[in-house]
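Here you get one chain, nothing else, as structure tokens; it is the form predicted on its own.
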């Protein structure tokens, strides 16, 4: 009846359709809000789980009683550096003592460093048991009673696994002495090589494809392959890096060609090889994002520049590129965020899991994701606490790098 009514056809049907669209809009708004809430809850749960493992009670037990190392009634924490060195000489083998002296002479070390060596090499604290933050807050009395009953010689402390010493110490085979300094330096050096190689190559390729390349079958094929390469699994890039940078170009990536190492013992499993491998990994992403940023610059800007006599390159360099930089940096941020968390290609290239020295561009290395993976694979609970602390360090490092890139992007933003 309503369908035959002209007035309904003119107004009623429109109101019904409008109400239907409003209902659909409300439903989709609820769906989108629910997805956002679920995502926030998942991220919050993940972060709380990491924090839960980075703090808590720990029961220590020393293999050598520190009181037995006191000199004339003075505890080792109050002894001068000369007596601490003498304790090391008396309790270590001559080979171990000389190795420490050759790495850094004792007269050039600080007293704190020598004291740490005494604790690490002689006292040697072992973790008898550890507890998470949640357990420490809710079961504190039970934990203290258990330690007194089961570990009478142990010392119970509430500690933060992430602290200044954890960041400053190198890796160690003992959890209480392990740190992430070498892993942080390895990550920073690797990402530095990646950015220095991938950023100029990616932006240059994007400028050519967008501003200079003709629309023919060859250039369309190149663009299609770049899009496909962005989805290739990272392990494939690791195999490519192993074949090219480690085996074929090993003399270059190991530094042997510059005389830094013996060519007969040179190995291409270095920071340089890892950085170049990650550069290949993120290069398609940078190219694609840079193309989109260049494409977003209005054609009127190009036409205005050319109309006043500017050359093609002057137009690109002085007008197009400055306006595309914010978008290009956004894509670079995403690419670097992916690279800094990669593990598989670095393992294939030959990253180590135990490095006790500060790496350089031609040395063996490890990174924070690899160190986290290696610690979580161990059965003892204390290593998982260290992994949680290392994850927090990695998050802070990633956010710091991203924040720096965002500041640079915002400063370069031009409105037109």
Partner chain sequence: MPGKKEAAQGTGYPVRKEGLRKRRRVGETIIQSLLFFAGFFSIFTTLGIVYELGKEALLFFRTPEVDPWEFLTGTSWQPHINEFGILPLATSTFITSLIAMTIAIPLGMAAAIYLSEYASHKVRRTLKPILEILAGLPTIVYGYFALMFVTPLLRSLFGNDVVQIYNMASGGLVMGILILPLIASMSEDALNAVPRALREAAYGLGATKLEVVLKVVVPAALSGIAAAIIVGISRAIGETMIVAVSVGAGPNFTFNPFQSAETMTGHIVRISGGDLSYDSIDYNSIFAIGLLLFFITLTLNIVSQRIVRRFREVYE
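Just so you know, these numbers come straight off a predicted model, no measurement behind them. Positions refer to the first chain, counted from 1. Throughout, rigid core stands for the largest set of C-alpha atoms superposing within 1.5 Å between the two forms.
Not pictured, yet referred to below: the form predicted in complex with its partner chain.
Chemist: Test of understanding: in the predicted bound form, would residue 231 fall inside 4.5 Å of its partner chain by heavy atoms?
Modeler: So residue 231 counts as contacting its partner chain.
Chemist: Heavy atoms within 4.5 Å of its partner chain in the predicted bound form: does residue 393 have any?
Modeler: No - in the predicted bound form, heavy atoms of residue 393 and its partner chain never come within 4.5 Å of each other.
Chemist: Is there any non-hydrogen atom of residue 58 lying within 4.5 Å of its partner chain in the predicted bound form?
Modeler: Judged by the heavy-atom cut-off of 4.5 Å, residue 58 is well away from its partner chain in the predicted bound form.
Chemist: Answer for residue 38 alone: is it within 4.5 Å of its partner chain in the predicted bound form, judged on heavy atom distances?
Modeler: Yes, residue 38 sits close enough to its partner chain in the predicted bound form that at least one of its heavy atoms falls within 4.5 Å.
Chemist: Taking 208, 221 and 373 as a possible spot, do all three reach its partner chain in the predicted bound form with a heavy atom inside 4.5 Å?
Modeler: Spot residues vs its partner chain: full contact, yes.
Chemist: Under a 4.5 angstroms heavy atom criterion, identify the one residue in 96, 243, 145, 112 near its partner chain in the predicted bound form.
Modeler: When its partner chain is considered in the predicted bound form, the option within 4.5 Å is 243.
Chemist: So which of 140, 80, 298, 204 reaches within 4.5 angstroms of its partner chain in the predicted bound form, heavy atom to heavy atom?
Modeler: It is 204.
Chemist: With its partner chain left out here, work out from 185-193, 151-159, 116-124, 231-239 which stretch has heavy atoms within 4.5 Å of it in the predicted bound form.
Modeler: Going by heavy atoms within 4.5 Å, the stretch is 231-239.
Chemist: Which of the residues spanning 381-407 lie within 4.5 Å of its partner chain in the predicted bound form, based on heavy atoms?
Modeler: Those in contact are 384, 387, 388, 391, 394, 395, 398, 399.
Chemist: With both forms fitted on the core, give yes or no for whether the Cα of residue 376 moves by 2 angstroms or more between the shown form and the other one.
Modeler: Superposed on the core, residue 376 moves its C-alpha less than 2 Å between the shown form and the other one.
Chemist: With the core lined up, does the C-alpha of residue 401 move 2 Å or more between the shown form and the other one?
Modeler: After core superposition, the C-alpha of residue 401 moves 2 Å or more between the shown form and the other one.
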